[in-house]
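Form predicted alone, single chain, as C-alpha cells, below.
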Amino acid sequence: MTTTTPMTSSQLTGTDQLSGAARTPSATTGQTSRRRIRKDVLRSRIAAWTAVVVIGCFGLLPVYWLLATALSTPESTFQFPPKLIPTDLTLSNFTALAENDQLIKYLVNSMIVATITAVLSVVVATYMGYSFSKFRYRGRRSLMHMVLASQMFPQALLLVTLYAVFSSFGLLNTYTALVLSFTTFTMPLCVWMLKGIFDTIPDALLEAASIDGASRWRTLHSIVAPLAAPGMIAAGLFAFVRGWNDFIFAVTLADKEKQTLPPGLVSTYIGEFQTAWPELMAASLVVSVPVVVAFMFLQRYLVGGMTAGSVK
C-alpha cells in the first residue's frame, strides 16, 4: 500500500515561485501590448482631431473674414497690417443694404428664378429618370449618354447658342430666358440623381400596383414619387443652389430689371476704380442666408437622397 507524502511549505513555495516565474513574462508582454495599443489609439485620435481642426479652420477662415469685413468700417478694412480681430465694429453696412431698393429687387429676382428652376428641373427629371430606370426601349442608353454629355459642354458655348435662340424668339431680358438657361445645366444632374433613386425601387412593387389596376401614371405619382421624395428634394435643392449662384447666364441674358443677385452685387459695389468691400461682404453674407437655411432644414433629405442610389 502506497502512501502520499504531503508537500512541505518550502516545496509549495518553490512551486508557486516556478509558476509565477513562468507567468511573469507573458503577463508583462500582454501589458506592453495593451499599452502600445492604447498609445496607437491615442495617436490616431490626436491625428484625426488635428486634421479636423486644420481643415475646419481652412474652410471657416473665408467665412470669418467675410463676417469681419462686413462688420468693419472702410478705414479699418484697408489698414495695414490687417487685424485678424477687428476693433471698430459697425452695422452700417447691413442697414445700407436694407435701404437699397435695387438690391431687394435683385433678391426677389433670384428667389423667383431659382425656385422655378428647381421645380422645373425636378419635374422634368422625375419623368426622365423614371423612364430611364423602369422602361426598356430603343435608344434609351443613347439618350442617357446624351443627357450626361450635355454636362460636358463649356457654359460659354451653351450661352452663345441660347442667346441666339432667345433673341430669335424675343425672350431676352425675361424670367423665361433665365429659367430655361439655368435648367440646361441643372436638369442633367437631377436626371441622373433621380434615376439612381428609381433603380432602388423594386420592380415587384410596380408589378403589384399594375395587378391591382393602377395605371402607369398613378403608379408613378401615388407609389414611386412618395418613395423617391427625399431624392427629389435633394435634387431640387441642388438645382436651387446652382440657379441661385449663377453669374454668367444672368449677366448675359437679362437686363438690370431682371438680373439676379450675383451680377447685381457686382454692378452695385464693384466700380472701375473702387470696390466697396464692407458693403459687398455684408450683402454676400445676407444673400447666403437663404441657402444656408435651406440646407439646415433639408439636410436629412439631402443625405438620404444622395445615398439612396448608391446601393442597389
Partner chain sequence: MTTNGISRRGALRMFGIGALGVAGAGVLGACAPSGASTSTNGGDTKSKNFDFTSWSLNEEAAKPSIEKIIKAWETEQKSKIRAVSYPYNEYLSQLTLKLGGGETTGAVHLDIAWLAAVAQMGKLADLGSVAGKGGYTDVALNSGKYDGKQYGLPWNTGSIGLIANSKLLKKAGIDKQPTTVEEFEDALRELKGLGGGVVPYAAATKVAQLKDIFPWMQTFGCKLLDGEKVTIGDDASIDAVTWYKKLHDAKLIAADVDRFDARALFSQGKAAFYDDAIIGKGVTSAQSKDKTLADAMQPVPRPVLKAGDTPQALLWGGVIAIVKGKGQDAATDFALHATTDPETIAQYFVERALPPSTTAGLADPKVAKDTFTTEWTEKITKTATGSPFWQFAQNAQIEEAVAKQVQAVLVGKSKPKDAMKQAGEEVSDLIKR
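Residue numbers count along the first chain shown, from 1. Computed from a predicted model, the values in this text were never measured in an experiment.
Only in words, not in the display: the form predicted together with its partner chain, which the text now covers.
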| item | value |
| --- | --- |
| Partner proximity in the predicted complex: residue 133 to its partner chain, non-hydrogen atom cutoff 4.5 Å | yes |
| Contact test in the predicted complex: residue 172 vs its partner chain, heavy atoms, 4.5 Å | yes |
| is_contact(residue 108, its partner chain) in the predicted complex, heavy atom dist at most 4.5 Å | no |
| Contact label in the predicted complex: residue 90 to its partner chain, heavy atom within 4.5 Å | no |
| Stretch 127 to 161 - residues with a heavy atom within 4.5 Å of its partner chain in the predicted complex | 133, 134, 136, 141, 142, 145, 146, 148, 149, 152, 153, 154, 157, 160, 161 |
